[in-house]
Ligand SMILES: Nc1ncnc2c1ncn2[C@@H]1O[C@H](COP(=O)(O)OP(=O)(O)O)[C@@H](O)[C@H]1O
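We begin with a single chain expressed as structure tokens, specifically the form predicted on its own.
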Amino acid sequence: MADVRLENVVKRFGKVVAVDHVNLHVKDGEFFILLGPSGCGKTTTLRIIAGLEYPDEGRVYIGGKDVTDLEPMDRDVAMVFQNYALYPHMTVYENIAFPLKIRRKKLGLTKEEIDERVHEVAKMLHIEELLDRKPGQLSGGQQQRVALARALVRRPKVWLMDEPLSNLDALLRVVMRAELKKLQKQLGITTIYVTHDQAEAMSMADRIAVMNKGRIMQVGTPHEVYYKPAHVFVATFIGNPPANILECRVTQDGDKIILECPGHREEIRDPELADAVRRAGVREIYLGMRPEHIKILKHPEPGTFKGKVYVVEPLGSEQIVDVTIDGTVVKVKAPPTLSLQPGETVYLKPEDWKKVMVFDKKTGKALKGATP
């Protein structure tokens, strides 16, 4: 297999900078996910690795070899597209065998060896009984397995996937996430996967690169991007619901650090939080709190934020409660047994100030992450 490196890669489409000086290192055998909203540059980055787009600046390396100027077929990568891109006039067998047949001389394969490889990968993906059918006779999940088989059959160094599960229904998507991750670990193949679905990224990735406006905002494990987001954008993109953000002012009264937020004013008593704010020397910050790290109370206590219930969303095992605090909506995960009505006055309190995140309002950069 192989590692993949991007060095200072830039791609422009007219005046639009789709990929803005991206530097990445995907380790050999790693399941690496490019995550971000639509238009953030993740698919363009994947296409540059595949050789389907040429960078305006920077270099691409696969297995330590500079492949920037190589054609896609010479990079030894395989790509699975969002729409699967199966040939409708060919059978499943012919679709899977196609990349081997067009490279037959280069790979030195006999017809028998091609047949063996096709049946091997079909068995692996549980589609042996579909080999005589055509794509139009298959379900979405079956078509997706055929696309995966076609990408795997020639045993590439790197597996590239552009939102391959997005066309599946919600239940099948969850099932295929687990199967795909198991298959990748079984094969040990370096995989770069594009998605806008943060739940998909968190459940599948070894590491995630969070992208926005063509730039890499953070690279880290799912645990790191969730609990230690490097930028306020990452905190508000990762999580379901994502982190709540409150604009606060910081003042100092002697040795005391005072936090002034919507619906709340108090001295910061957590030493780590106070130290992070003091060292940063900023006056305006964003306070970040995960919905599951907030208590919702019906009576005031020291250190609570006063608000009103706006919307209650029952979800079976829990409920999501939207609370307005001076015009700012804060989402809280609450037990289903807690009875709340829209318009009711409630009080919010951080479960633990160590789980509160702080960002510089001016730069968006993290001053302090959360303790899990």
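Because the structure is predicted, anything quoted here is derived from the model rather than measured. Residues carry their position along the shown sequence, with the first being 1.
The same protein has a further form, the form predicted in complex with this ligand, not shown here; the description that follows concerns it.
Think of it this way: in the model of the complex, this ligand has a heavy atom of just one of 323, 40, 48, 33 within 4.5 Å, and the residue is 40. Screening 40-48, 64-72, 306-314, 328-336 for residues having heavy atoms within 4.5 Å of this ligand in the model of the complex returns a single hit, 40-48.
In the model of the complex, no heavy atom of residue 24 sits within 4.5 Å of this ligand.
Interface residue remark: residue 348 is not counted as part of the site for this ligand in the model of the complex, having no heavy atom within 4.5 Å. Interface residues of 11-33, taken as those with a heavy atom within 4.5 Å of this ligand in the model of the complex (partner not displayed): 13, 16, 18, in sequence order.
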